[in-house]
Each structure stands twice: as C-alpha cells, then as structure tokens.
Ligand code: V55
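Presented as structure tokens, the chain that follows is alone, the form predicted alone.
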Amino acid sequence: MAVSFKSDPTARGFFAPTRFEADVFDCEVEGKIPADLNGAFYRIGPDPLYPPKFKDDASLFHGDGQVGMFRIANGNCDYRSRYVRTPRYIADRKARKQRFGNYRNDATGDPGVRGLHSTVANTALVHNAGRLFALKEDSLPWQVDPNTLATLGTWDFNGKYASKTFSAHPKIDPLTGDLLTFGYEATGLLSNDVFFYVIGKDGHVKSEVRFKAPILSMMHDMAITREHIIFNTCGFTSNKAWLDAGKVHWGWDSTIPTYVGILPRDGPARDIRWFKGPERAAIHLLNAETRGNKVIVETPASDANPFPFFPQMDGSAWNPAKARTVLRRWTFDLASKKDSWEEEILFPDIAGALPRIDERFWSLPYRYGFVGYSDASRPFDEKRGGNLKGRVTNCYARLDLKGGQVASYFAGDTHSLSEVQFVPRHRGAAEGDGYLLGVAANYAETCSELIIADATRLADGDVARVKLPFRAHTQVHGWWVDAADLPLCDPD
C-alpha cells in the first residue's frame, strides 16, 4: 500500500514530513557569516516516516525524531540531517508501515510491537561530557554522534541514572558545568514519581533526589537558581481509564490547580515546598532567581490548554484565546505560610511560547530574554506565502526585563521562524552580546534558511542567511555547541 499522509491534518505545508536525510557541503550563503561564529547549531523535530494509525493522534508531537546540524567555521557552513534510529523507527521501516498507536499510549499499537519502546526522540537536545543527546521526556536520552549524527543508543550515565525518563529541558549550571535534570513518571507509566539529578561535567551522576508530585502531570521544563530548583505542573494529566479508552497520553483537566514545587538546591526530598495556583500552562520556563526569602520565576504561560491536539477531558471545545501565551513573573514568598504566589504579566503584546536566554546566565541575575512571536502589523505576502497573516512567527524579540524595552528582528514577508537560539559573541562577552540563530521557512521559494542576526542590532536585519536547497524537517528545539567544546572532525 502506498504511503499517504492525506488523513493527517497537521501534515501540511512546512509541517509536512520530508522523509529524507541530507548532506550539503558548503551551503549557499547570503550576506557574510561572522568570523567569530564557530561551532554547531543542532536542531531536532518530528519528521514522520509513516502516517499515524489514528486521526486523533497528537501527530505534531509524535513524528519520528530527526536531527539537523549546521556546522559553522571560518565563514562557511555545512549541513547534515539524520533520523534517530529508535526501536519505533526501525520496526516501522522494516514493516514499511506505522505499527505504533496513539501518542504515548503503547496499548493502541500493533500487538507485535507492544514490547518495544515507542519513544520518537524528537523534542530537544543537550550536550554533556562530549556526548550529544536527543531527548523526549518519555525515555532515557538517545546518544547521537556529534559529527555524523549516527544513533549510538540510549544512555543511563554509567548505570547511575535510575529514572525511566529524562527531561526535555535539563539545565547546565554556568558556574560548575553540572547538568541538572529530572524525570517524571520516573518509575513507570502514570506514576507521579519525580527523580532529580545533578550530573557532573564529566558525565557522572553526583546526586539524586526522589519525590512525588501532587498530581500526575506533564512536567516539561524546570528552572534553577543558586539556592533552589523549581518544578511545575499544569492541567495536562492522564489516568488508566483515559488510556484504556485509547486516548493520547495527555488530556487537559481545567479543574486541576497549577502546582509549583521549590526544592532547596542541596536539600532532601522532604524539604520541597509545593505552592498551589490557578489554571495555567507554563510549558517552558525562562529563568529564575532567589532574592532573600523570595523566589522569582519568569515564564511564558497561558490561562488554559495551549495545544489543540491534546483534548479537553470534559469534552469542551479548545479555547484559542486562553491558549495565548505571554511572559509572566511569578513571585514565591518562602517566608509566608500562604501556598499561593503573585503573578505579573510582562510584555503583554509579545505572545510567544519558546523563550531563550543567554544560557551563561541560567540561575544568575540576568537582563535579556529572547522569543519568537507573530507581529500582525508586519506585511505578509499572502499571494506567495498563503493566507497566514497574523499566524506565523515572523519576528524575534529581545526583551529587556530591567528596562522594559523590546527590540525586534523581522524575517520577511514570506518567512516563518522556528525557535530562536542565542550564541555569545565570545566566552567573555557581556550578557546578550552575540548572535540570534533560527531556521526560517521561506514560503516563496519552498526552502529553509538559517538566519543569523546580531542580537545587539536586531532592527538592522540579519547579517547572513544560510540557504538550503530544500525544505528542512520541522523543529521543536535547538542547541548550540561552541567549537571549543566540540572538537569536530571531518564527518566524511
């Protein structure tokens, strides 16, 4: 039977699967790549090898993971992409069809694959101790060769990482080089167990803390300060009856409060304190800081379910107005007996869900955040790009959290941007002094371009565009590795 994605509503335009791997040596460049930009920009996202079995699958999150690499050196750029060879990818390719069922519900797959792990390793990347990992929070990390992108298998940190899962968004301590991470559903499906780890820059586990969250919930990200670790839940939850009914793993329950756990950095599990707040979805946290008895967390958040492909558990319609995600400041008073927190909305006109910072300032006082957003006032060429005005991420913003100013980069009237990545100009550069990188979908030419802009001069436009002669696979998150931390050899 011929492969067809016609039944998949998300497989359209630049979200359609590419289903190929690529090598492009010496990519075409418009403008000039800065001479001081030297390293690898990795990106990962879903690129389904076969269509989903069911129409209600959360297929945008369930496609096979593919890693792309822009290797930049001396003003030149090479590109490479490879699928992550997970058990699902291998089994499907052998059968020439989709054998796995709904998103993170293994019981809905073919009987012959129910003993295989169904992870797609498609969400995020991190580099630790010379190893590059492809991450999906339902499994251990998948090690990928940083030069060839060949899949090397799962990694359990020399047998010392006991959780069955690994966060999509670990954090690297900028002062120690330690990798701070966690796994939820750590002991298995539907458990509320969370295991938190500190992993040294040598790749060995230094400590482990085990605790239970108040509810089973998607816990996609975390934040760190010098004194505390912050974990948060949201309305995405699940239960046995839900999965037995064949649903995707997550449904949104509007009756569930938002819980935020604050764990002392070196404290035992019994010292974690849980705060309870209103319905919110803070999927990606920007940064946090401890100031005396107060913990301040800055995070994009929506008032309700941000993802229309995860259903409402009560059967109600998805509400796009409540899905709008803007940056908020949450202040927790550890000296108070109240279990609530204060909320302030920052930059209400900038709606964006994928924030980044200068990652040398994780856990430290900082000034700038970066995010992609849609500026409806900017022109969009509907004749060449389709009827997408106001619905594409066409700008990158630098948000000054101290002064309140916004500086913006506009990608163009036929372009849509993926998540932004900040790269310091050099290791000793001031905060925010560097470049913004991100892949743009060029609707006019049906190709993808790596945008490089000066983060201190965004209004001037990009300094270079690396053009691929095709449409690249979709992206969820990206990761930059400086050449000094990545002694790459010639992949050929």
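Residue numbers run from 1 along the displayed sequence. Only a predicted model underlies this, so the values are computations on that prediction, with no experimental measurement involved.
Below, we turn to the form predicted in complex with the ligand, even though it does not appear here.
- Remark: none of the three candidate residues (Lys171, Glu298 and Phe361) comes within 4.5 Å of the ligand in the model of the complex, counting heavy atoms only.
- Taking the partner from the other structure, the ligand in the model of the complex has no heavy atom within 4.5 Å of any heavy atom of Asn287.
- Contact check for Ile283: a non-hydrogen atom falls within 4.5 Å of the ligand in the model of the complex.
- Residue contact check for Met218: one or more of its heavy atoms lie within 4.5 Å of the ligand in the model of the complex.
- Interface residue remark: Tyr435 is not counted as part of the site for the ligand in the model of the complex, having no heavy atom within 4.5 Å.
- Comparing 134 to 142, 311 to 319, 260 to 268, 73 to 81 against the ligand in the model of the complex, the single stretch with non-hydrogen atoms within 4.5 angstroms of it is 134 to 142.
- Shown without its partner, this chain lists Phe61, Tyr50, Phe41, Tyr443 as candidates; in the model of the complex, only Phe61 has a non-hydrogen atom within 4.5 angstroms of the ligand.
- Among the residues Phe307, Tyr161, Phe410, Trp274, the one placing a heavy atom within 4.5 Å of the ligand in the model of the complex is Phe307.
- Contact annotation for 392 to 429: no residue has a non-hydrogen atom within 4.5 angstroms of the ligand in the model of the complex.
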